[in-house]
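Taking the form predicted alone, here's one chain by itself in structure tokens.
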């Protein structure tokens, strides 16, 4: 569903991406893991057709992101790192506004909005102002809004940033249910190591380069097991720290 091949992006002489390549299969939950400034957001912006790579190619749903950016955006839903809800509109009004932006016919809007409200468990909050919602409710609304046009791929850039642990668990339960119900391919970025445990596969970025990739179990195996008796399984956090320290040295 997603193919990135040798992506390079330079900002003011600094390589935000330096030859990044990976593939995401249809229906996968794929994570981009890395510290702030590792290149995660740049990669997502390129894949969404919002930014052009300096070198390399990328395809989403078989579409070239440079040649057909509008077609790519038509099959993608995007939730950016910075919240983008209109705080002075109601939940319903936010969804209706985006239905119009997506060009959804008037005859279909009510159905799409009802579906989004049900998906986000916000039917009872349709008339509430966004300012009255909790952080977790707002994030669920943003994700549901990104699905109004029924995309095949959902990009989530740090979807739980700024949320407390309970709200983060709430969002991941929502995403798990979303995958079961909609079968959408999900690519998300995070620097929360625990969240990467939910992934089918993870790509670790470090200073714009691919440091390692694979399933959480494969990354743990690559980092080794702690030497103690009896041996305890390595955590993904330990694997990440081990792999990044190895790269530095």
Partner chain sequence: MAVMPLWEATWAIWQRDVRSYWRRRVRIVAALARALLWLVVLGSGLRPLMAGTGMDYVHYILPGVLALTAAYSSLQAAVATMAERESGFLRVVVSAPVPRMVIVGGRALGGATEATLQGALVLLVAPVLGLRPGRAGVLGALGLLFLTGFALTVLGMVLAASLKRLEDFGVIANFVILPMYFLSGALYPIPPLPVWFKALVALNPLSYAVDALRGVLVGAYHFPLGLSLTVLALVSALMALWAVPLYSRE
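In this text, the rigid core denotes the largest set of C-alpha atoms whose superposition between the two forms falls within 1.5 Å. Nothing here was measured: the structure is a model prediction, and the numbers come from that model. Numbering follows the first chain given and starts at 1.
Absent from the display: the form predicted in complex with the partner chain. The rest refers to it.
K.L.:
Using a 4.5 Å heavy atom cut-off, which of 131 to 139, 159 to 167, 74 to 82, 115 to 123 contacts the partner chain in the predicted bound form?
P.N.:
The contacting stretch is 74 to 82.
K.L.:
Taking any heavy atom pair closer than or equal to 4.5 Å as contact, tell me whether residue 109 reaches the partner chain in the predicted bound form.
P.N.:
Looking in the predicted bound form, residue contacts with the partner chain include residue 109, since a heavy atom lies within 4.5 Å.
K.L.:
Given that the partner chain is not shown alongside this chain, does residue 89 nevertheless sit within 4.5 Å of it in the predicted bound form, heavy atom to heavy atom?
P.N.:
The answer is yes: residue 89 has a heavy atom within 4.5 Å of the partner chain.
K.L.:
I'd like to know whether residue 9 contacts the partner chain in the predicted bound form, with contact meaning heavy atoms within 4.5 angstroms.
P.N.:
Looking in the predicted bound form, residue contacts with the partner chain include residue 9, since a heavy atom lies within 4.5 Å.
K.L.:
Using a 4.5 angstroms cut-off on non-hydrogen atoms, would residue 101 count as touching the partner chain in the predicted bound form?
P.N.:
Within the cut-off, so yes.
K.L.:
If you apply a 4.5 angstroms heavy atom cut-off, which residues in 39 to 58 are near the partner chain in the predicted bound form?
P.N.:
Stretch hits, in order: 45, 50, 51, 52.
K.L.:
Once the two forms are fit on the core, has residue 74 moved its CA by at least 2 Å between this form and the one not shown?
P.N.:
Residue 74: C-alpha displaced by less than 2 Å between this form and the one not shown.
K.L.:
Using a rigid core alignment, state whether the CA of residue 109 is displaced by 2 Å or more between this form and the one not shown.
P.N.:
Result for residue 109: no, shift under 2 Å.
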